[in-house]
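Taking the form predicted on its own, here's one chain by itself in structure tokens.
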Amino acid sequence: MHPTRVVVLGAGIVGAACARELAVAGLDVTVLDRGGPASGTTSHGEGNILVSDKVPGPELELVLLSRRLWPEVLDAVAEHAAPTSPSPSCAEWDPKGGIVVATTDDGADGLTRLAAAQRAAGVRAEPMGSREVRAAEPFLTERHTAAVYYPDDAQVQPAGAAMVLLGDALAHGAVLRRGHEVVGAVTRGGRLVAVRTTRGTVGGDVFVNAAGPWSGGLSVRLGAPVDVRPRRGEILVTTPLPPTVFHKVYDADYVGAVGSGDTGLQTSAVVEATRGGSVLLGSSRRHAGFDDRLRPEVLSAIAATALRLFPALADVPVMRAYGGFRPYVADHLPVIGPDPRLPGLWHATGHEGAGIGLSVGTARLLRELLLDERPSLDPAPFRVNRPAVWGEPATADGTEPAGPDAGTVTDTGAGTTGEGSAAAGSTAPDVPRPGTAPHPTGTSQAPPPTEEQP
């Protein structure tokens, strides 16, 4: 009996982590992407692995699993690294810890209560006095009202980490196919058995939608829409500096911005250094579809919030700015597991700005569910058939939905740098709304837009 054939749709860090986990488990894995691996959202982020910004609940449990797994995975890769595979050092694993700072009395109260709740949930969150803060971050503003140290916050170089994971997947027999843009599905007996791409049809037993912000568009093409939409973020990068920022440092209001569903611009101060000496300044969040234009007013707002934490950066040159799209789900939880409407389709998406950190935990949970193993944590909160995921789907170009009779979904070509690039592309026929009542078999009442094979 041949091993289960798994086709991972998207070669960003979540897809790479899933491909590695499944290939190591002995499955026959193929990874499809319309572009190159880690060429989209993964390469447009900061590489954060954060426990500090998670409130107690399912996402915190997932990040605690991931935080434990990251060094274990990198050690395992190092033990049997193939000569042609990227070195684990390319991931630039840095468990440098994070410091969350409040600059107002209200912020201090909120931070203190959050840290207490996190400690009760197993997070190491250590209050800091003024002298401790000054010793840890000598260039941080003195106008802070509270600070908490999170020793388990860590950072990787995101594209490098994705290539390490993907390289290990390939070393375990996985296959990467570039230039495969998914345009449709092939079903047999109501089950997904293949995807149609711009380079032909690729068959398999299981298909994993790991297309990041493009997961919504991809799911429409496959006939089982999930409401995952792009949320835009930008980052400023300074010229290399002498040692100036020693931890990931952010304002306490960052947690509120992460959990907000506001579609307008939100900024909060996030400051951290890279191994090359540059300082990354963030962060912003806004819903803009796949409009990838940098907005001067957004960059100005990011700089202003960062300077409130680190006034010493005022005269430091900014050498570049970049932005990317995060896979947003309205309830702020990832989507992990099988799609009950279309057997053979699984999802591993919706991580928004936490995909780097949550990738290896997501992959482990996916493997456990797929192989019917005991899961490391309760998978129910991440299930596909929950209201926020089966809401009105966004169109493939990130615009607001036009309703169930909108006709085809057309990609405008914007966001071509996106990871999970298997998702973007031509057109898809009419699709059923995910809110329609399912048949007892788990499929939607209306047939999916697929090519049926006998």
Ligand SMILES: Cc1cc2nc3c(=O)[nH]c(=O)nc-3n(C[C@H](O)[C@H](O)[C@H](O)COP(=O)(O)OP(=O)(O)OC[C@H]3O[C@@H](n4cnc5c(N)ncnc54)[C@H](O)[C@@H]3O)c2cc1C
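From 1 onward, residues are counted along the sequence shown. None of these values were measured; they are calculated from a predicted model.
Keep in mind that the form predicted together with this ligand is not shown, yet the notes after this line are about it.
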{"property": "Non-hydrogen atom contact residue 52 with this ligand in the predicted bound form at 4.5 angstroms", "result": "no"}
{"property": "Contact of residue 44 with this ligand in the predicted bound form (heavy atom, 4.5 Å)", "result": "yes"}
{"property": "Non-hydrogen atom contact residue 214 with this ligand in the predicted bound form at 4.5 angstroms", "result": "yes"}
{"property": "4.5 Å heavy atom contact, residue 352 to this ligand in the predicted bound form", "result": "yes"}
{"property": "Check all three, 34, 221 and 235, heavy atom within 4.5 Å of this ligand in the predicted bound form", "result": "yes"}
{"property": "Contacting member of 250, 346, 325, 382, with respect to this ligand in the predicted bound form [4.5 Å, heavy atom]", "result": "325"}
{"property": "Option touching this ligand, based on a heavy atom within 4.5 Å in the predicted bound form, out of 167, 357, 98, 334", "result": "357"}
{"property": "Segment assignment from 90 to 98, 363 to 371, 175 to 183, 119 to 127: heavy atom within 4.5 Å of this ligand in the predicted bound form", "result": "175 to 183"}
{"property": "Members of 5 to 24 lying within 4.5 angstroms of this ligand, judged by heavy atom, in the predicted bound form", "result": "10, 11, 12, 13, 14, 15"}
